[in-house]
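Take a look at this single chain in structure tokens; it is the form predicted alone.
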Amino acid sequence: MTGAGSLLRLIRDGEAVTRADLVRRTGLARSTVAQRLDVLLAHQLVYEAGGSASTGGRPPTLLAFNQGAGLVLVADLGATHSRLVASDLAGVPLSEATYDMDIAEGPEVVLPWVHERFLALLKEVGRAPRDVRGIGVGVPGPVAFSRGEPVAPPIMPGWDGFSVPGWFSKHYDAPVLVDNDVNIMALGEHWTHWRDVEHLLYVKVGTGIGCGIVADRHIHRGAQGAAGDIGHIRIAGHDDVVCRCGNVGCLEAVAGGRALAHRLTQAGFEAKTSRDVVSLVRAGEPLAIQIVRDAGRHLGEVLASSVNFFNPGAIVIGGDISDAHQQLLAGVREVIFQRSLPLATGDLRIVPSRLGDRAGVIGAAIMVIEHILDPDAIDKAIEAGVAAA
């Protein structure tokens, strides 16, 4: 049955912007469409935007989605830094801030810190917690998506099994979605720049390495939410390298930002983070340039197998180390095109992220918005008497 939520979807997508359009697209009676539109108008999810060009008689009234009917709060929490955003219901950022933050301090420290900054963002845009329709959080570790709980995250001590939605429920009457940070980055990049591509891999090369998978234009999380954890695929010839997960030879332990910084430190350079590695590359330091290109080759080894297996239309490389994309992508492309099947690489595009470190918050906002404005969610919220999803 076509409910008010389905009408809202048609209006949001621009597929039907007048009452007559809605009647034609849905096959519903005019009186039924009018009744459901009245509900959307009463809940301020839709507004009348004026008249369109007339073909004779009174011009039809245009209908528009009210993206200001609430807002969403999102936090992309990395290993050492974070970005927080308040956005409207179209995903347009209204206020944004970045901070240095250590995820290893645990949820009892990090989440109150996030909540305080959410309140600051709300104050900045003149809104209150009651206006929040949903919250999205990205974390640098595996997540049981249906529960919003990190699961045995290697670099997040104290977070295993912690209910992030449960914590926020004390402060907001709104759904809370939690996902791996690279999944929301993949969603942000795909939604913004690659919606014509059905299958895409987004690879984050920062302190660690992870991969977000877009399959049939949707995030693929796998049976337990662990899909795309390429950082712990073993690289041959590196059995002497111990990873933080306890195994040896992991891609992350060989080619991740922390590993590259450690190699440069051993060589006498001041490099504590992945950003320090990029700074040395930009300064023209030969060793830094070489190890980043080598990291690209190691990443290419893993991605070559992924290309043969998954056959993506595009691979987007993001994360701090991708800021040295000329060297990193040269190594990646070299190995992928050498080791992957010609059919799989014929139209393959391998490119740096266009959103940079904003991909996560944009993706988190879209994740939440698509959830709360899903037609079924809208219909349930209206039935329950909620002003907006």
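Residue numbers here begin at 1 and follow the sequence given. Keep in mind that this is a model prediction, so the values were computed, not measured.
Below, we turn to the form predicted in complex with a further copy of the same chain, even though it does not appear here.
Checking A344, I350, L355, V46 against a further copy of the same chain in the model of the complex, a heavy atom within 4.5 Å turns up for just one residue: A344.
Interface residue among A381, L10, I366, I372, judged by heavy atoms within 4.5 Å of a further copy of the same chain in the model of the complex: L10. Taken together, R19, L119 and P129 are entirely out of contact with a further copy of the same chain in the model of the complex: none brings a heavy atom within 4.5 Å. The stretch in contact with a further copy of the same chain in the model of the complex, judged by heavy atoms within 4.5 Å, is 334 to 342, chosen from 334 to 342, 320 to 328, 356 to 364, 38 to 46. Taking non-hydrogen atoms only, W194 never approaches a further copy of the same chain to within 4.5 angstroms in the model of the complex. In the model of the complex, no heavy atom of F168 sits within 4.5 Å of a further copy of the same chain. V125 falls outside the set of residues with a heavy atom inside 4.5 Å of a further copy of the same chain in the model of the complex.
Residue contact check for L28: one or more of its heavy atoms lie within 4.5 Å of a further copy of the same chain in the model of the complex. Residues of 230 to 245 lying near a further copy of the same chain in the model of the complex, listed in sequence order, are I230, H232, I233, R234, A236, the criterion being any heavy atom within 4.5 Å.
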